[in-house]
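Heads up, the chain below is alone and in the form predicted alone; it's given as structure tokens.
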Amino acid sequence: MKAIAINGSPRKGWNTDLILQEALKGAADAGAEVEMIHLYDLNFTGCRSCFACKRKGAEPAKCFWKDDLSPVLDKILSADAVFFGTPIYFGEITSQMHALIERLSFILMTYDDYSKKLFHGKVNCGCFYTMNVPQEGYEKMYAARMRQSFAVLNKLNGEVVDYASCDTWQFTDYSKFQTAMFNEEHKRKMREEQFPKDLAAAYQIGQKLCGKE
């Protein structure tokens, strides 16, 4: 069994990365071989409209563009579970994660018939979002949008689970930044009391999507 985590955050060792590490720990404890991929370490773009994946006779669900993301797309389709993690910037997933989803979406569709399935395997997916807004703000403003952003994952024929880590701790020292609208004491409390619960939830999702209830 193979599980990979794809980090769409530029900040290693922070909220999104830590959440994904816990999901991988859960997967590993369920018996999976695990791998972390940091999108900000890679050199790639969104879809280049080369149409190589749409040529007659081309291997289905295959990106033929030569950059660092093409083998990542292959890994997604050959995995048993994939964990996608992204912070929310201005109500959206990061540009690197959007580029990945754009590329994945294009290779999973055909101009012959939009409803036709090109991928016949099964990949379980976990989507983790980290953000500064509180839980109620996420539910009201972002939850439906995030599910739409990752709607292509339904074409991978597995279970799709999403989880939001809200009201996150962003700096080790708030006094060094222009953050007057935030209450550092409240943020610290969320870090100490809520974030461990988020990590535990990510671990459980990692186990679940790798077959261990």
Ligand SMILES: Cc1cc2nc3c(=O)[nH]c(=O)nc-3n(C[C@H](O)[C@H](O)[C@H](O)COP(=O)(O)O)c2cc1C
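The shown structure was predicted, so the numbers you read here are calculated from the model rather than taken from an experiment. Position 1 is the first residue in the sequence shown; the rest follow in order.
The same protein also exists as the form predicted together with this ligand; that form is not shown, yet it is the one meant from here on.
Residues placing heavy atoms within 4.5 Å of this ligand in the predicted complex fall in a single listed stretch, namely 84 to 92, out of 84 to 92, 112 to 120, 67 to 75, 99 to 107. Contact check for Ile6, Gln21 and Tyr203: none of the three has a heavy atom within 4.5 Å of this ligand in the predicted complex.
A residue is said to contact a partner when one of its heavy atoms sits within 4.5 Å of a partner heavy atom; Cys127 fails this definition for this ligand in the predicted complex, lying far away. Interface residue remark: Gln135 is not counted as part of the site for this ligand in the predicted complex, having no heavy atom within 4.5 Å. Not displayed here, this ligand is kept clear of Asn157 by more than 4.5 Å at the level of heavy atoms in the predicted complex.
Put simply, Met131 is close to this ligand in the predicted complex: some heavy atom of it is within 4.5 Å.
Contact residues in stretch 152 to 181 (any heavy atom within 4.5 Å of this ligand, taken in the predicted complex) are Thr168, Gln170.
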